[in-house]
Ligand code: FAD
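To begin, one chain is listed below as structure tokens, in the form predicted alone.
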Amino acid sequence: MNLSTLSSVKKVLFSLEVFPPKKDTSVNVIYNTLLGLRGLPVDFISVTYGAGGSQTQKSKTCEIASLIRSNYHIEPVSHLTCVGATKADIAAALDALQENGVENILALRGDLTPQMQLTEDFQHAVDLIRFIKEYAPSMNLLGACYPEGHPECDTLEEDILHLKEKVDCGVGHLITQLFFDNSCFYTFLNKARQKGIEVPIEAGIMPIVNKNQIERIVSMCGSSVPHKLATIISRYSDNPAALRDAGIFYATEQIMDLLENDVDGIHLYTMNNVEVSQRISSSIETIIAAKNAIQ
């Protein structure tokens, strides 16, 4: 199902992100994760594009997206990155996704690494978006956005101009990078709407459940850490169970505030953690259902 159809009939979407098993991890891990997520009231599950970067790992994205659709009857969204890729690479990936009935793609540039650099074919996510619209026009495209600005952009305003270009080229749904300060999201949302970006924007939320997670996440995406969250991490850093519970509570509070302010959707970065996903889902399920029931 094309997600543009879904977002036209639901006021608030709820979605999850999972990732393929890493190279040294058993494939059963993702199957167990999906079994644990089965039955949660989600509108779609997105699958990141091959942890590790190899073609074998990337092919697992298509395999898992197909499994989500055929076995669990949940709409999948496949991530597709263009860093290190040629047009032939992307065409092959699109062919595989279409053959497996995957209709929705989150089109991303991808992270630059010493092993993965840009090619002449694709310099930015918008280049990938244009190529997909030309090669596979029936695909529904989602895009990423950054409430605190992309790390490579000088200003949030500049980043939003690039975002508007992606929307103008065919992206019909946006998912934010994770953030911990809702005020940053509201500022970003207002600026985006002022620039004429009217597509649904889902808020990306990641519960912090261990002390190593926050350092890795902040260094990777540059999200700011509010004083309240920093205090939680400091206070419970030596008590894993307490930190997990406090992190879930903080994320749930974030989500409740977003729902009260009529967010288009919540996208939960699960880190393949079934327990965390189940607990947050159970806390917000009736609230989302109530909002969607109001016509």
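Numbers for residues come from their place in the sequence shown, where the first is 1. Computed from a prediction, not measured in an experiment: that's the story for all the values here.
Same protein, other form: the form predicted together with this ligand, not shown, and the subject of what follows.
Out of the listed residues Lys133, Lys87, Lys191, His162, His162 is the one that sits within 4.5 Å of this ligand in the predicted complex by at least one heavy atom. Ile175 is the sole member of Leu97, Val77, Val171, Ile175 with a non-hydrogen atom within 4.5 Å of this ligand in the predicted complex.
Under a 4.5 angstroms non-hydrogen atom cutoff, this ligand in the predicted complex lacks Leu141 among its neighbouring residues. Contact annotation: Ile208 falls outside 4.5 Å of this ligand in the predicted complex, judged by heavy atom distances. Proximity of Gly110 to this ligand in the predicted complex: non-hydrogen atoms within 4.5 Å are present. None of the heavy atoms of Asn104 is located within 4.5 Å of this ligand in the predicted complex. Across the proposed site, Thr81, Tyr146 and Glu152 without exception bring a heavy atom within 4.5 Å of this ligand in the predicted complex. Per the 4.5 Å heavy atom criterion, this ligand in the predicted complex is contacted by stretch 120 to 128, the sole one of 120 to 128, 209 to 217, 87 to 95, 68 to 76. Residues from 240 to 278 that approach this ligand in the predicted complex with a non-hydrogen atom within 4.5 Å are limited to Tyr269.
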